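This document starts with one chain, in the form predicted on its own, laid out as structure tokens.
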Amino acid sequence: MPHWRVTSKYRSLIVAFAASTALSGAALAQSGGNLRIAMPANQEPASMDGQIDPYQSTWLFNSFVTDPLVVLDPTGKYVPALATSWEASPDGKVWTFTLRDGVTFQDGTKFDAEAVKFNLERIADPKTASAQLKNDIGPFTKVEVLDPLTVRITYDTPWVTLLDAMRRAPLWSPTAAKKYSVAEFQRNLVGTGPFRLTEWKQNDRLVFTKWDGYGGWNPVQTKKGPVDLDTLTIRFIGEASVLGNIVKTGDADIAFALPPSVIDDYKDDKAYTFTSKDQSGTGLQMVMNVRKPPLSDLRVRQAILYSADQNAVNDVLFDGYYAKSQGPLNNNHPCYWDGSSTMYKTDAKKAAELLDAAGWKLPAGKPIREASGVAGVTDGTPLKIRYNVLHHKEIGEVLQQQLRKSGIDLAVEVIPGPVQIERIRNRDFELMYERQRSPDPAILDQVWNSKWDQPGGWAWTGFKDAKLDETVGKLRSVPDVAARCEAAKEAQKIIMDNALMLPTLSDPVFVAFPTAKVKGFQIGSEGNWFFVNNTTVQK
């Protein structure tokens, strides 16, 4: 074996080089730069408290400030975060979580079982007005602190989907949440995560600043301790053309949810990393309010589906880059029922026959049908249907042209989230955008089980069917994955038989950033989620 002798001269050079390398390495570890991510303006929450706000973007932004019990990692697996392990009883009624020791909130409050109990009870409290998590976590009967690091949640009914709720549920410092009113707390969030929320300039940006006390508790993070990034800024961009060009102008480091029109500008340019990820869930569906005419008539609802041509919408607007979503679950969902793709193939003749039979006649020389003998509708009333969305107005405008060929006047309107919630509360809508994202089929229970037709619930249509309720109810109670998928497919058939929703498309998330500048950025398994725990910005 060779023996290497190092002289004092070279030893000093080596030591100097090692010291220099260590210093530069330490500098890199201490400062990962300031990351700027541009996103569409419609991603800005109405509230930054995800225990109240029902939108996915809010939970994403909350994840920078506080870690959940469980993380859905980029491969789609539930992995431990603030919980180190969990166990469900065989009947799915009792869940026990063992918590990570040594975790503190950013205000010094200890993270323990009492903190988890406080957060779950805060979500369940009607005064909090939780718009979705209350239903996702479910009607637990009690939360018990078994010891400082063990918490048990008990239900009267099986609740096998709790992990999917817990991976989104933000956990806040009880001290901070008690200090502020519900309205004030959203600007004073205190969690266990890698960043603090330090600025929220509405209609412009969110700024998060590194918390030096972070222990690296998110399992996605590859190192212990604080993240490398100094700050994370989320910029909200209202113009698609600006968002599409913002990385190339240098005004942002990452463009998230790029418009399809600029895909070709990035995907073939070696200077940029371009990636896309479809999102399992409901797709960009429009649910129908069946409580009153004209959509209380099945024939009208079916005529709308026969009038729409999803493939044409995709080709006209998105050069075919969007994904198909032909039923209550989109086509890439693990539990998609493929019968949805053939049930309502575009057929203008069939649509006309259905509308004629329903009493909506097309007067000579007029483009829009009018009521003739329709119960509850004055004769001569035009067949006008409101189409309300938070975004993707352009899809509605193409559908508007398609439905007009059948004599239906589709009135397209973009509304903000708070207006959407208000209209749902008042049942003042006809076709309403409703989106859920998850590879778990339990989202069908959220949207279609009539027991969730209540304030804060997501069953908006007013449709009530015992068989459908029973079928989607299994998605909360049956632990076997294959059996749950079969129940989901049965439910999708019932929903499509009754034409309760209008499928449009599924929008993959398109992301671009300079390859040489941004390192370690990770897209989540759902596309609309990302992780910056390992990200650095090269200077």
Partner chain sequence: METIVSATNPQANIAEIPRSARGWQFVRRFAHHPGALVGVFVLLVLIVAAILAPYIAPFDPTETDVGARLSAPDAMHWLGADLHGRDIYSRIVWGGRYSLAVGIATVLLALVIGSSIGIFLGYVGGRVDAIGSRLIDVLLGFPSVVMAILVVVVLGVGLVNVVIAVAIAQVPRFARVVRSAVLVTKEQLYVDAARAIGASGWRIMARHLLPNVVPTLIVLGTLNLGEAILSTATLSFLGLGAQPPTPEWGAMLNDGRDYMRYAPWMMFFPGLALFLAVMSVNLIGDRLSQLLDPRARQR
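All of these numbers come straight from a predicted model, not from anything done at the bench. Numbering follows the first chain given and starts at 1.
Although not depicted, the form predicted together with its partner chain is the subject of the following passage.
- Figure note: of the listed segments 292 to 300, 145 to 153, 342 to 350, 260 to 268, the one touching its partner chain in the predicted bound form, with heavy atoms no more than 4.5 Å away, is 260 to 268.
- Contact check for 446, 490 and 526: none of the three has a heavy atom within 4.5 Å of its partner chain in the predicted bound form.
- For the candidate set 163, 412, 124, 377, a heavy atom within 4.5 Å of its partner chain in the predicted bound form is found for exactly one residue, namely 412.
- Checked against its partner chain in the predicted bound form, the residues 201, 77, 178, 393 give one hit for a heavy atom within 4.5 Å, which is 393.
- Heavy atoms of residue 241 reach within 4.5 Å of its partner chain in the predicted bound form, making it an interface residue.
- Among residues of the shown chain, residue 319 is one whose heavy atoms approach its partner chain to within 4.5 Å in the predicted bound form.
- In the predicted bound form, at least one heavy atom of residue 397 sits within 4.5 Å of its partner chain.
- In the predicted bound form, no heavy atom of residue 222 sits within 4.5 Å of its partner chain.
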